[in-house]
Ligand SMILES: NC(=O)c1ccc[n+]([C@@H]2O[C@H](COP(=O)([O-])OP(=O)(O)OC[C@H]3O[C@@H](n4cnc5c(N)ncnc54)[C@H](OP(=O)(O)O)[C@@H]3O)[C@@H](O)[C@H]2O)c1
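Below you will find one chain, with nothing else, as structure tokens; this is the form predicted on its own, and questions on how it binds or moves follow later.
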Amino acid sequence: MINILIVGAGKGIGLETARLLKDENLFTISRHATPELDELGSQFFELDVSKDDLSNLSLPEELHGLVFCPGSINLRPFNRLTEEDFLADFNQNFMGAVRIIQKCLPALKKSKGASIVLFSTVAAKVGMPFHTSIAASKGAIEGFAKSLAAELAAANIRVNVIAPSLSDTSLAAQLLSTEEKRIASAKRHPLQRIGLPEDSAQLVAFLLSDKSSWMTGQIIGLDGGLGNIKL
């Protein structure tokens, strides 16, 4: 059994990942407690890692996996986005990851073979209208992860990023609120469907496991082909 911390475990991809990994020694963080998290029996902390004090966060001496799932979908024309909008997305999507990784780094190093999994978006690779704020903050995650992977390789800590397209989660509920929207969204992907939380959770499990022990510094598109294929 290994020690794994999942940040953003309250819903969506984070929750599905926690369910998949529930037999490990699981630690979870979310801004809000949920009945679904209670059912997992993990050691839960109600925190916003982008701004709350992390000094009293009680984690094991050795941490084998860290998964950072928080995200945002702030889709608006560039001229309607304020500086505060950009900063809010940057703090949630990027600075939260920086803060929790710095907090966990001693425990990750003690495991002598840890894996960090972060989340980006296909919009950081493929230019999409109305995505400037989210693409900027997730683009920062990608550059950060590659540099961090290089820096931590000597400590045998791997850092990889999953870059999904639209997934069927509560975060995307407004974009998938009608059957017409769901069909249109599916048709934009070469594989003709939108993503599921299980798709990302399975990839997270792989990246945390020894099966991916020779992978680091990778940005992995999980996007139904949208990032690389044009039909």
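A quick note: this is a predicted structure, and the numbers were derived from the prediction, not measured. Just count from 1 along the sequence shown to find any residue number.
Missing here is the form predicted together with the named molecule; even so, the following discussion is about that form.
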{"item": "Stretch from 55 to 63, 201 to 209, 185 to 193, 162 to 170 whose residues place a heavy atom within 4.5 Å of the named molecule in the model of the complex", "value": "162 to 170"}
{"item": "Of A136, I73, L81, V98, the one that lies within 4.5 Å of the named molecule in the model of the complex (heavy atoms)", "value": "I73"}
{"item": "F94: touches the named molecule in the model of the complex, heavy atom cutoff 4.5 angstroms", "value": "no"}
{"item": "Contact of G10 with the named molecule in the model of the complex (heavy atom, 4.5 Å)", "value": "yes"}
{"item": "The named molecule contact at S42 in the model of the complex, heavy atom, 4.5 Å", "value": "no"}
{"item": "Contact label in the model of the complex: E36 to the named molecule, heavy atom within 4.5 Å", "value": "no"}
{"item": "Those residues of 117 to 143 which, in the model of the complex, come within 4.5 Å of the named molecule by heavy atom", "value": "F119, S120, T121, K138"}
